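The chain that follows stands alone, in the form predicted on its own, written as structure tokens.
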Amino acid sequence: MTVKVKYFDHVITEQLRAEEAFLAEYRKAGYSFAKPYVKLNPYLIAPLTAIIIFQTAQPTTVAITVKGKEAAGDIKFQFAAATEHMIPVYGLYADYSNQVELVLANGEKSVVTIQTEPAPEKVKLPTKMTTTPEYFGDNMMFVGPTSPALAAAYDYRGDCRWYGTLNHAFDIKRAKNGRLLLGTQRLLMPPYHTTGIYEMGMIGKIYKEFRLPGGYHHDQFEMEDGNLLILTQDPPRGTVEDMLVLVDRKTGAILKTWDYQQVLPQNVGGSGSQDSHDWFHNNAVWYDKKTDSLTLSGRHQDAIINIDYDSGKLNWIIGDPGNWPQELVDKYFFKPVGKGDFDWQYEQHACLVCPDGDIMCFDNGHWRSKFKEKYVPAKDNFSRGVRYRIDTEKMEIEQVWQYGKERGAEFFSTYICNVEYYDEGHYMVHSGGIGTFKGETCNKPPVQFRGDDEKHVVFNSITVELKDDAVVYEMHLPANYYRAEKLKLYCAEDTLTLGRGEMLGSLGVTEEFLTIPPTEDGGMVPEKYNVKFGIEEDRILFKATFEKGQMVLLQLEGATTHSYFVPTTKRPFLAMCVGTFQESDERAVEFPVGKEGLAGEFKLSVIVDDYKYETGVTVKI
């Protein structure tokens, strides 16, 4: 058998080559304002973007209009005065002859036609869109997928005006510099923990990758000084999604760590989806400057907790106190007050702190009880956005607003989703994990249905905006999307900077397995194991197919031998917040070995049960 080996350049390297190529193409020909240079998808991963380049003799502003299919769909922006103009174009339609109008300060015009390719099937189109151009304007609703789909942005008509081709995971946020912060497509460990987050311009150019030894999941938050709070974990200790780090924006170095195992006991307060491996399941982080505290959503505790930023000390817990030790209930939990309706939140997502200190979240409502005998089935359940008012002196809580309960099962999502606070009375509620199986409302994440069952799953996500309790926007998409974020395509701070992006931080040294079993020589690795290697700039990817429970070690043999345990028994993740990394064959294994700490030439071999196999592959690090 010949083992397949493929060498992968990092997307940052690929984009540098692409940038150098289009700049060289521009410089070798005589382009002008009347006939400018145009490059569609200049950075390879955002097909509905382009760049227009030309020079003018005198400094001048440039106004751009990306023409809509009707006047209300026009997207306009003005660029500062310059003589060399690199004009990013956003908001093109797929499979369309797009008209882009450029106007100089003196009124001179040029119209450019940009023909785009059809969007792939994974760019889903809305099945329902209710809003007006007067309300929604040139905003776009961005969504990041958890079922087979692509990250995309939709205008007031439901037309897709931006999408990315990489398998971006989790949330999409705009940083203060105008760029997007979003998860990488590089899987670190199953089911969805990735190497870190990208800082990316809307044009698709990746300026930074922030890598973490424990990987990234769910959420990130930009601090006032630009440093980043990023959710992570320490995989060797056997638990996930129970740590937070502060990352230096310039270097990628970890400046501070919060470990929730030092905050809460692991064996109490569990939700219906908790297990010892994923005991907390942190899916959101929010820093509040007024109280210098961190608010964290723990799905598998049915709890929103607040801790002191400096000390990490627990301040309070929002959640149903059932199943919690009385000493914790007495000290940290709130008592409901007020004359209005009140419901606790269960397996919630996307907590945030309002300007007045109120707490909002998406209450998924999964199980809607701390006691198994009282679990509520999906068909009778509801999900909602909710706002709580808390008094930390009296330890009292009041429900002051909710939306979604009245919609019942049609709005029910067992997982993912978010809320946004725009202003008083102006909110967004995104129920992104809706699904039915054979016509019945799903009581587990729809992405968990595998094999033949997948054919019977119908995905949906519903995104709603409300002003003073009136629905001013509603979009339905036939897929599951982690969160929705309303953003404009153009942002003055998001300026195009030429040159190579940066790979910051570290994946760390991959944990080695020290007890090597006695083996027999098996010769070349059998074809049935389907062994493949991907050689990336900062790691080696081992891919293969094994039966559940087989003992597998990957070895790098050189001046010294490094051995790595490859898990073949997959944990039953009850959350599965992103399903886009799942293999169709459940025997498929993917295991990365970081290059940090390794140097020299290594022969790659594999131990499977009692045999050691050669692969014929040698790598130099």
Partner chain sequence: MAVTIKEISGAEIDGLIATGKVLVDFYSKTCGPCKMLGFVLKDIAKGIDGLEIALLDYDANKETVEKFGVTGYPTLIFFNDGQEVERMKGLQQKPVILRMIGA
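Positions refer to the first chain, counted from 1. Remember, it's a predicted structure, so these values are computed and weren't measured experimentally.
This protein has a second form, the form predicted in complex with its partner chain, left out of what is shown; the following refers to that one.
Proximity of Glu512, Thr515 and Gly549 to its partner chain in the model of the complex is complete: all three residues have a non-hydrogen atom within 4.5 angstroms. With the partner left out here, its partner chain still marks one of 517-525, 443-451, 101-109, 286-294 in the model of the complex; by a 4.5 Å heavy atom cut-off that stretch is 517-525.
Of the listed positions (Ala63, Ala588, Leu40, Leu553), a single one reaches within 4.5 angstroms of its partner chain by any non-hydrogen atom in the model of the complex, namely Leu553. A heavy atom within 4.5 Å of its partner chain in the model of the complex is found for one listed residue only; from Ser276, Thr251, Thr83, Gln115, this is Ser276. Contact between Asp609 and its partner chain in the model of the complex is found at the 4.5 Å heavy atom cutoff. The closest heavy atom approach of Phe565 to its partner chain in the model of the complex falls within 4.5 Å.
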